[in-house]
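Quick setup: one chain, the form predicted alone, written in structure tokens, and binding and motion questions come after.
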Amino acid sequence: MSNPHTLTNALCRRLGIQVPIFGLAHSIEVAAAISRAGGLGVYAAARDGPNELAAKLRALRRLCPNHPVAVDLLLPTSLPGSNTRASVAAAVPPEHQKFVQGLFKRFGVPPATQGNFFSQYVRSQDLFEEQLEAVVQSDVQVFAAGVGTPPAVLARAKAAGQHTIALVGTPRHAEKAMAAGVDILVAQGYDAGGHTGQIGTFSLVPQIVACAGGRPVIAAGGIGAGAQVAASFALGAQGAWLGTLWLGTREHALPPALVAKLMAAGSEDTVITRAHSGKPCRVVRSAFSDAWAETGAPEPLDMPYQQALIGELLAAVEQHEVAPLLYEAAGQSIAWLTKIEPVAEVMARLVAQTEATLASMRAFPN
């Protein structure tokens, strides 16, 4: 690593990055730009089929050939070994099918003519194995497990020369990840977007640091400003993990109607729902999450049945940009999404804010 930064620490040196800012994004363009700006861009790949993932990881390296990059997968161990979309869909109760068809009609959603991950795949151990194979065959330097830490998976990533990271929401999860052999822990608090737990970030991070056994810990959940990055250090973390903030970057190129919804939202406009995947997931509130919370709505199904249930609807909403139903996983840091700007400017602001906060803390009188 050349030209170390004032924020460069032991974790940065270990991973070959300049600043301890980790950015998770469902866009290879965003992930590459974060790494080029000195942090570690983490491509959230859980929504890619295996062939698509292999191609995207090659493209990610072309976009960022000279800096480390990471990839994140969801690996829940509770799902069946083998599933077909048809077999899972056949097990969906009729009342749930009727409810989703009602959403098509209520919001005038045309049928999808293009597929996406939710309409083409269902999560299973077979799918995870194929995704993992694409990851270990790539030249990505860091592998992150967003949900689940199967020991064999971490061993394969390490054998491929990759650093391993696990996102955890409780000390119990951290102990399990460490027993599986993980190198680095991300303490992800309740404030976070996506699949998240029940402990707030400020309460969780020191607990994970205390049980980490010397492993580096990265703070995550609701972080959108440099003051929070500095606070992460005060809590004992060696870095900060951000996801929601990148939704407002020029490189992400989200649909205009979704961008408008994200920009208008505050921290109180995110909700935790099982309607997205079958597991608790924090998303920006929309007519979709509201519908599932209505009196008389069925309870969302477990993963992967919920995905099979709503896949065609989500594909149609995405393709036709049906504004009321558009949503995205987003944390309480959505309050810091105020304008569209390049990743490099976001990174520069985060670094400057972090440095200013640390300097102000040093200036406090004794």
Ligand SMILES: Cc1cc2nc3c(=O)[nH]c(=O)nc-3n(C[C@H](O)[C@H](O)[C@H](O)COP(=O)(O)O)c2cc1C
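No experiment lies behind these values; they were computed from the predicted model shown. Sequential numbering from 1, following the sequence displayed.
There is also a form predicted in complex with the ligand; it is not shown, and the following applies to it.
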Within 4.5 Å, heavy atoms only, one stretch in 151-159, 175-183, 105-113, 217-225 touches the ligand in the predicted complex. Which?
217-225
With a cut-off of 4.5 Å between heavy atoms, is P76 one of the residues that contacts the ligand in the predicted complex?
no
Under a 4.5 Å heavy atom criterion, is E328 part of the interface with the ligand in the predicted complex?
yes
Can you tell me whether H67 touches the ligand? I mean in the predicted complex, with a 4.5 angstroms heavy atom cut-off.
no
If you check in the predicted complex, is A46 within 4.5 Å of the ligand, heavy atoms only?
yes
Consider the chain as shown here, without its partner, and state which of L24, V343, L350, I17 has a heavy atom within 4.5 Å of the ligand in the predicted complex.
L24
Contact assignment for the ligand in the predicted complex, among G197, G248, G146, G278, heavy atom within 4.5 Å
G146
Determine the residues of 148-173 with a heavy atom within 4.5 Å of the ligand in the predicted complex and present them in sequence order; the list may be empty.
L167
